[in-house]
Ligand code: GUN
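The chain below stands alone and is given in structure tokens; this is the form predicted on its own.
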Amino acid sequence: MSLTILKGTIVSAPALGQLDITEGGYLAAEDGRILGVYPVLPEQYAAAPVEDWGDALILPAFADCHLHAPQYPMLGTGMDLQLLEWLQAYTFPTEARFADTDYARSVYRKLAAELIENGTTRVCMFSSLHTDATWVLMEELERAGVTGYVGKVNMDRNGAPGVLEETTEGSMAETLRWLEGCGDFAHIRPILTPRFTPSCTDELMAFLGRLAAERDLPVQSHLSENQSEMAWVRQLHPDCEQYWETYAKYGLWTDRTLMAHCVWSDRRERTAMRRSGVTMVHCADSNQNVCSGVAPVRRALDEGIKVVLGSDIAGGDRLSMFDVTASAIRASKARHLMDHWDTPFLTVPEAWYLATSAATAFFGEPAGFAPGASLHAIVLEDGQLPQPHPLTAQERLERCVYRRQPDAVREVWSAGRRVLSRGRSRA
């Protein structure tokens, strides 16, 4: 039996807009599973060692539910084009380099380390179309302590001829080969990943739908991100009134489906999401950088749709989910103005929930620091920041979304494992 007890200012988000705060509290876990949060340490744990972090914030770790690993090298570049042109000019040539597994390993090791350094322990991630590089990505995430899902991208049309492309037969064969090699990973699982409808023929989409059903696999893709993209989808699928139907008709539209963006999803499309249990992944930075628009997140939440956040690098230019949380709030304020003040913007506790606890159900876990959940936590120090007045725990959390001291993240726990430990910072 292994017992972990962390002491500090414990803040979690068990529900949208709700914060559970225990100042000077104890977070206890046994064999990597949370026992509870206590204002006073229970007598049965009195002899156990306690890691006392003073008044540092002890928070749930982040979940980044949409990012493109092979785009990590181009993070912060290529922001001068809209989506479809950006893919051809920047993205596809960058992803093509991952045919080289040595290059893939050097990049993915840095990506995995940066995720942990920023307190992101759960991901739903796109690889490239390269099977061997996808295994390398899964290895490096596992090595660093990241958990979650990784998908080999499928794209058998409308790629970059001679640069980044695969045949239908090759895509299907490589997907099966990739899945056969995924069994050795303890914390990284496969997720089927049709890049988006324009990249996949009907034959490939039907194959992936059958595979999802036969092997009980989750699915991730893109939906209604850009109006030019949507017009293209209508041309490719004239039998479908809306974009979502191009996934639904092949069995890729279920309660284990993640759809990124949904910027232009109208009420009918959102209703289809709610009825099928599809999760919307909001990627505020990307939507602005490649001029896609501002997603109707508040309306989606009010209508009962599951919403989580994604960095969407490298359309998004920030890997830190602290920054992604702040961007989601700013985007909601822009939408508030666009909707003539009719839709309330996201509060910090609401956006924090979307960045942390909202995704836990997709990973098979309860929200917040619930008993029985695996320990995913960060220790965050903010004592070096000046104070305008003595701040409450909620005010401290709200400020840390927008501003952090250097190396604020001192420890990270992922699936019960300590994966980062910097020790106490110097005052």
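Numbers for residues come from their place in the sequence shown, where the first is 1. Worth saying up front: this structure is predicted, and the values here are computed from it rather than measured.
The form predicted in complex with the named molecule exists for this protein as well; it is not shown, and the discussion that follows is about that form.
Worksheet item: Out of 355-363, 380-388, 63-71, 33-41, where are the residues with a heavy atom within 4.5 Å of the named molecule in the predicted bound form?
Response: Among the listed stretches, the partner-contacting one is 63-71.
Worksheet item: With the named molecule left out of view, which of T147, T279, T325, T91 would have a heavy atom within 4.5 Å of it in the predicted bound form?
Response: Partner contact (heavy atom, 4.5 Å) among the options: T91.
Worksheet item: Which one, F345, W86, W253, W135, lies within 4.5 Å of the named molecule in the predicted bound form by heavy atoms?
Response: In short, W86.
Item to complete: Indicate whether the named molecule has at least one heavy atom within 4.5 Å of a heavy atom of R122 in the predicted bound form.
Response: Because no heavy atom of R122 falls inside 4.5 Å of the named molecule in the predicted bound form, the answer is no.
Discussion item. Taking any heavy atom pair closer than or equal to 4.5 Å as contact, tell me whether H261 reaches the named molecule in the predicted bound form.
Written reply: Yes, H261 lies within 4.5 Å of the named molecule in the predicted bound form.
Fill in: is_contact(S286, the named molecule) in the predicted bound form, heavy atom dist at most 4.5 Å
Within the cut-off, so yes.
Fill in: Contact test in the predicted bound form: F98 vs the named molecule, heavy atoms, 4.5 Å
No, F98 is distant from the partner.
Worksheet item: in the predicted bound form, do F196, H222 and E225 all put a heavy atom within 4.5 Å of the named molecule?
Response: All of them do, each having a heavy atom within 4.5 Å of the partner.
Worksheet item: Considering only 15-42, what residues come within 4.5 Å of the named molecule in the predicted bound form, judged by heavy atoms?
Response: Residues within 4.5 Å: none.
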